[in-house]
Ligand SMILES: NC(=O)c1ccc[n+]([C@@H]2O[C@H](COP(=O)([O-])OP(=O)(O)OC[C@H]3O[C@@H](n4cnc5c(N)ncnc54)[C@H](O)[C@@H]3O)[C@@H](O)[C@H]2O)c1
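Only one chain is included here, represented as structure tokens and corresponding to the form predicted alone.
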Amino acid sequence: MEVTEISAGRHPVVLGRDALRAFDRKLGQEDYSAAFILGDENTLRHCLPELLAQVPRLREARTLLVPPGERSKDLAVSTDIWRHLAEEAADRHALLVCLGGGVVTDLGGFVAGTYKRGIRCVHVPTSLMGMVDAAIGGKTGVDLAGLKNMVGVFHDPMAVYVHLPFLKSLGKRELLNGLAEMIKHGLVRDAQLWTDISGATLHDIDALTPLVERSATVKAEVVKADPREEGVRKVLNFGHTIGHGIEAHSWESPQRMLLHGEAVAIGMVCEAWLSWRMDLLTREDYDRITEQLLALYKPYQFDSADNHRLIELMRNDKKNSAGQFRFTLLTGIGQAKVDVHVTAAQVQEALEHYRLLVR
């Protein structure tokens, strides 16, 4: 079989031409009472036929449908799925296959980790974001009252199976959404990956494949070293403290609702600027990073009057400690420092800097 297997510690990430066939073979070795496939309207339409063609052991599985988009990461949606599993008499030996992007794997992992105190799940990511980041590492969660990932558990999947042809169903915006996490992986751990991404052709699956594998490897290696985010895994939070605040703000704004990667790209511009202002990053590297991100991602407009609300949203970030902001900042392209104390005033300066850049 033509597959590559990467260890993420408590679960493998399987990539390659025969990844789904490897999944079918694995199912033949497992003892499970029933299988369920969780997906949204898009993944069940565009990706389920290919999954069933290559994984025939799932042809008797029942499907569970959720609406597409971040709104599905919600306790009410979780309750509906729990209730459906109970009505189907799913026991603790059931298997939940999560077929979708980051929303589906976050939600499905959370449902699997909590239903009857935990059932097995497998992630089959269908988005670039899922393939390189969201599906890997066992973090699960749903949003609460407009705050990102406030309720969740660590629940490792049995495995993650990455089938690159699923990306053919995505448009440019969805591909850029995932590319933001790949850029982040390069910035915090792999300078050459960051350089190679700059010249990537998004719709050339063959060209994208080695970059996806390298990016997934960065995520898997960090997760393997620190499964519960007590130390080195915090490097993956670069761009996310401000990014999560921007993303939540966009849900309240009359402007377009930002995708996660779009918000993280803005967060990376702001946090790279903070890295430079705090004498951790050279001006040259900051300029290179900003040039790349502003060329790829559309600007998000907000007023100075919004800064207070943005900072208020950031205060609920899980990375904070004792009421203080704790950031991951860059010390170079490919290197990062975790748990850097940043004041609210410095965050406001970073937001103002971005606002003026894209005005």
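Only the largest set of C-alpha atoms that superpose within 1.5 Å between the two forms is called the rigid core. Computed from a prediction, not measured in an experiment: that's the story for all the values here. For every residue, the number given is its place in the sequence shown, counted from 1.
There is also a form predicted together with this ligand; it is not shown, and the following applies to it.
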Handout entry: The unique member of 108, 157, 239, 101 whose heavy atoms fall within 4.5 Å of this ligand in the model of the complex
Key = 101
Fill in the blank from the handout: Partner-free chain; cross-checking this ligand in the model of the complex, the single residue of 250, 78, 149, 217 with a heavy atom within 4.5 Å is 149
Exercise for the section: Could you confirm whether residue 70 comes within 4.5 Å of this ligand in the model of the complex, counting heavy atoms only? Expected result: yes
Problem - Non-hydrogen atom contact residue 42 with this ligand in the model of the complex at 4.5 angstroms - result: yes
Problem - Residue contact check: residue 166 to this ligand in the model of the complex, 4.5 Å heavy atom - result: yes
Exercise for the section: Classify residue 47 as contacting or not contacting this ligand in the model of the complex by the rule of any non-hydrogen atom within 4.5 angstroms, answering yes or no. Expected result: yes
Handout entry: Heavy atom contact within 4.5 Å of this ligand in the model of the complex, the stretch among 189 to 197, 270 to 278, 119 to 127, 82 to 90
Key = 119 to 127
Problem - Stretch 157 to 194: residues contacting this ligand in the model of the complex, 4.5 Å heavy atom cut-off - result: 166, 169, 170, 174, 177
Problem - Large Cα shift (2 Å or above) at residue 154 between the shown form and the other one, core-fitted - result: no
